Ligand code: C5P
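Before any questions on how it binds or moves, here is one chain, the form predicted alone, in structure tokens.
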């Protein structure tokens, strides 16, 4: 069984999906981390962001693996490195690249084809797994999402402000919704869940109930 969780940046998808997968005894697939890893590799190689081919070629050569809640890029643990704000700023180049998306969608389907998975991202229920048994669109107010992102950045030792995070988030929202491929939007059969005012446990309890009903 595949459970998809899509939604905008800062909605808490990764934490919720990871916790839900643990509750259900499912595997967890963080697809956003995969695009971030491609962007990180592009930064390290100094690719020209105005050209799509070099990044696509790089994505075709690199290896991505999930092991023990860690993401390995060519065998290196980049779980923390991909969350850097510099990586966040250029991840759109990976997400907007049709060849990169094709490569990662193929990899995502291959990974999730091994059993029961909770998978999260932007287009999991619409593009990658349109036949998923349970689709969830997780969202929250812009202020709530920005506050969560600010807390994450501060925990990583970065110095910024809520206004700056909110502005960056609004830009990302526009880019995600206007994307030519894999645009952010709820699947027609997705259940929308707004997490404002809810604790992590409350959100996961609600989603677990939805999944078990579908199962």
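Since the structure is predicted, the reported quantities are computational estimates derived from the model, not experimental observations. Positions refer to the first chain, counted from 1.
Separately, the form predicted together with the named molecule exists; it is not shown, and the next lines address it.
- Residues within 4.5 angstroms of the named molecule in the predicted complex, judged by any non-hydrogen atom, belong to 172-180 and to none of the other stretches in 172-180, 159-167, 54-62, 40-48.
- Looking at residue 103, you'd find every heavy atom of it more than 4.5 angstroms from the named molecule in the predicted complex.
- A residue is said to contact a partner when one of its heavy atoms sits within 4.5 Å of a partner heavy atom; residue 32 meets this definition for the named molecule in the predicted complex.
- The closest heavy atom approach of residue 91 to the named molecule in the predicted complex falls within 4.5 Å.
- Of the heavy atoms in residue 135, none are within 4.5 Å of the named molecule in the predicted complex.
- The partner is not shown here, but in the predicted complex the stretch 115-134 reaches within 4.5 angstroms of the named molecule through a heavy atom at 120, 121, 122, 123, 124.
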